[in-house]
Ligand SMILES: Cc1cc2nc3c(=O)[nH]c(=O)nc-3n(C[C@H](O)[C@H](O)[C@H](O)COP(=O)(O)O)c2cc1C
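Only one chain comes next, encoded as structure tokens, the form predicted on its own.
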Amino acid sequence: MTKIGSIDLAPPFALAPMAGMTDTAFRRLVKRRGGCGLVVTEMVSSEGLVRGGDRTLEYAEYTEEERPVSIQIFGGDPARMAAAARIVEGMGADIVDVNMGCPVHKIARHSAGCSLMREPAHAAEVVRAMVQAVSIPVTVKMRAGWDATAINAPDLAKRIEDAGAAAVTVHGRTAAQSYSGFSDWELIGEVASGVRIPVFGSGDCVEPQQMIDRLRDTPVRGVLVGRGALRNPWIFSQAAALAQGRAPGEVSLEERGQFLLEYVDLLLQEQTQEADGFRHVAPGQAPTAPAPARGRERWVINKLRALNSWYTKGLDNGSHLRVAINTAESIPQLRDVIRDFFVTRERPSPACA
């Protein structure tokens, strides 16, 4: 069994943080399908947490059914990151994760995200300050390095281990690659062989068998899955079945449609439900006031549009579903589009008389 600090992860498969995608509704639905040992929130600004910004707190919200849950934060100032880690601990999170992998310029230009890999001594200082500030495990998600001339994940992993990190995840691409090319699992294995703490590998696992192969063929202790889960939220349960020597179950069109309908319902609940223990927010912070009804509908439709750019890949006539969802103007219309595509197509045609 893989452990991060005292937190047991079974199975050792985790849902990666993806900005704008892995909200609490999506994470809950993935957990309900089984096989996911850990979920990580969308990345949260340390500055926003310390200042108590409403939008920032929304990104950090989670529910009890998501546990164990890790809240990922980004920033470059050790004192502010330590203060943010204390807020995360106060919110009841099981783990606090440091983003050292985001290649987006607006993050990296502020000595945060993957730019921390360019300053390994400073990156270790950030981790050390956080470890000293909280009792929950501190973990790090990084990339192979900044670019092809600065592949330093093995060295940085040793530094953050010495600083007290409980685990590290390595995405085997550089910041310069973003999501082009291929994830270097040989390098990820080198990182895992060089430290005592658990190492999770990430990148290019879009089929359940690939997750099993990485666990078998490399010294990693777990696998973090991002885009593969957006395409197939059942990927974790399917990989767990393979790990137990069972054939993964087939997912019907109707099940795929039901996932989207449940997602719509949960997103609507997110916008209207009072924070009466359902969500975890920072101590002393009031919940954000619900948006007007029309604004809620538009927000939900936009979330479905974003997910379906991935969810429909590989589906017969998936482009037709994308177009239909992109032109939906109301929640009832959105539900009808989903039912028509998934449920109606699943039913056999009546026999001709």
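Note that residue numbering follows the sequence shown and begins at 1. As the structure is a prediction and not an experimental result, all values here were calculated from the model.
There is another form of the same protein, the form predicted in complex with the ligand; it is not shown, and what comes next is about it.
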Review point. Does each of Ser45, Gly76 and Ala124 have at least one heavy atom within 4.5 Å of the ligand in the predicted bound form?
Key: no
Practice item. Give a yes or no for Arg159: in the predicted bound form, does one of its heavy atoms lie within 4.5 Å of a heavy atom belonging to the ligand? Key: no
Check your understanding: Is the gap between Glu270 and the ligand in the predicted bound form 4.5 Å or less for some heavy atom pair?
Key -> no
Point to revise | the ligand contact at Pro17 in the predicted bound form, heavy atom, 4.5 Å | key: yes
Check your understanding: Is there any non-hydrogen atom of Met21 lying within 4.5 Å of the ligand in the predicted bound form?
Key -> yes
Point to revise | Selected contact from Gln72, Asn232, Gln238, Thr174, since only one has a non-hydrogen atom within 4.5 angstroms of the ligand in the predicted bound form | key: Gln72
Practice item. Could you spot which one of Gly222, Pro137, Gly145, Gly226 gets a heavy atom to within 4.5 Å of the ligand in the predicted bound form? Key: Gly226
Practice item. Please determine, with the chain shown alone, which of 196-204, 254-262, 239-247, 159-167 has non-hydrogen atoms within 4.5 Å of the ligand in the predicted bound form. Key: 196-204
**Study point:** Any residue of 303-332 that, in the predicted bound form, places a heavy atom within 4.5 Å of the ligand
**Key:** Trp310
